[in-house]
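Coming up is one lone chain in structure tokens, specifically the form predicted on its own.
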Amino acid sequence: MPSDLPEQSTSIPRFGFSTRIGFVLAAAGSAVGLGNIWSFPAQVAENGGAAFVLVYLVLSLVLAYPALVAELMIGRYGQSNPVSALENLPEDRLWRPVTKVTAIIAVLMICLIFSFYSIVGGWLAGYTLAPLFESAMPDTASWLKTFAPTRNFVLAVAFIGLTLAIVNGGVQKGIERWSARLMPLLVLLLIVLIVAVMTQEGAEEGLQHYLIPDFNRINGSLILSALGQSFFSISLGVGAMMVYGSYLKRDANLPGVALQVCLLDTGIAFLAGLLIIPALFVALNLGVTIYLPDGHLANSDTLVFEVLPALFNNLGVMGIPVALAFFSLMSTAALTSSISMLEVPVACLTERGGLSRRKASFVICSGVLVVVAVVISSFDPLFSMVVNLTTGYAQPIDSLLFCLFAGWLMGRDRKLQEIQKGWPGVEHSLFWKVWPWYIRLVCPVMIASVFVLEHIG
């Protein structure tokens, strides 16, 4: 039988987001990252174009959305960092060590993700700055684009420093303020680039590939790929949405704001595909190798750094501003995600360790820099290992456990009371008739299926 109900954390005041739109932009910024603008278009190109897009859109709503509601609910209920929120979640105290350890692992994993993200973010920053030096300082431009340990570390330090400066500003003056600036900039850059690419020969063929589905391409492999992309593109399983949920006002409609975040994230992924897929066909028209003889996408992992720069080089005078805009877009997407990656461990150290925000962020960034230096020193084996460990194993397993915790360890009445604060009468809605059992059974089974089929099947 459950013991006494857990107390919500109220000892430390929560200086949360000042507006709902501020939260939506920050949470969407966390979700919108390189996965949306790099991985999603590559998945589309590899898996039948519009057929993949259609399946992805459906699965984003039926799987990622209910799981996002669960993580936001846990965070707002706990009114604390992910470790404290999950530790105090179970009604039965016997489960608290399990939930606490799960949270600690998630926080450690997001620090590792921040480490490799900083390296990639540094590369993108280098490619963003390089066009500015092409004419006057060609050696500097070449250094910014040349893969080398010193260059990789210096640019990673710069990227981490920029993230640190934003997070040090706090929730409202740092995260919310910069998310409100960076997210509109990201959308604007996407639209400008889409317009620029659509004027090029070959773009129309790419547009047809992206928007006209071939339903014969829908199979188990495509559905599995779309399922994984839809779930893991929204920053689930690492504590980011929990800590942002803890900053959310009590009267906010959790299912409503979660839907807004999900739609914004999915919409930006769709826009990214509207840019990248036509751009690939423009490059194909210019003689750049896009597909291998067996039909698979060539250089999917290095799409951003090899295929697209080849396209920009073939655009003549127009190539420089297009390259500058594109890599500015990629750098912005990386930064909006890295902000939340740093905020999660910072929230844990400030609330559980009693450190100031500045000291906590300095400690975390110092540790991340050590990891970055180690990874760069032995790049080939370590980089892929860290990426696979965090996104291939830890993130899906933690996502599965978070759904199980919300579904089974938090009583139905407590879930209802938390959601009712922003949605009076939710108990009479279709959402409440479906979501409680959906998060207990359907989401865990689907996440487990994706994990098993990817790693075992």
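Fair warning: this is a prediction, and the values are worked out from it, not measured in the lab. All residue numbers are counted from 1 along the displayed sequence. Basically, rigid core = biggest C-alpha set you can superpose within 1.5 Å across the two forms.
Separately, the form predicted together with tryptophan (TRP) exists; it is not shown, and the next lines address it.
Contact annotation: of the candidates Thr266, Asn81, Ser235, Ser115, the single residue with a non-hydrogen atom within 4.5 angstroms of tryptophan (TRP) in the predicted bound form is Ser235. Note on contacts: among Leu63, Met410, Leu34, Val53, the single residue with a heavy atom within 4.5 Å of tryptophan (TRP) in the predicted bound form is Leu34. Stretch-level contact analysis of 417 to 425, 396 to 404, 45 to 53, 23 to 31 against tryptophan (TRP) in the predicted bound form, using heavy atoms and a 4.5 Å limit, identifies 23 to 31. Contact check for Thr102: every heavy atom lies farther than 4.5 Å from tryptophan (TRP) in the predicted bound form. Taking the partner from the other structure, tryptophan (TRP) in the predicted bound form has no heavy atom within 4.5 Å of any heavy atom of Ser328. Taking the partner from the other structure, tryptophan (TRP) in the predicted bound form has a heavy atom within 4.5 Å of a heavy atom of Ser340. In the predicted bound form, tryptophan (TRP) lies farther than 4.5 Å from every heavy atom of Val261. Contacts between 49 to 72 and tryptophan (TRP), taken as any heavy atom within 4.5 Å in the predicted bound form, involve no residue at all. Core-superposed comparison between this form and the one not shown: the Cα of Trp38 travels 2 Å or more.
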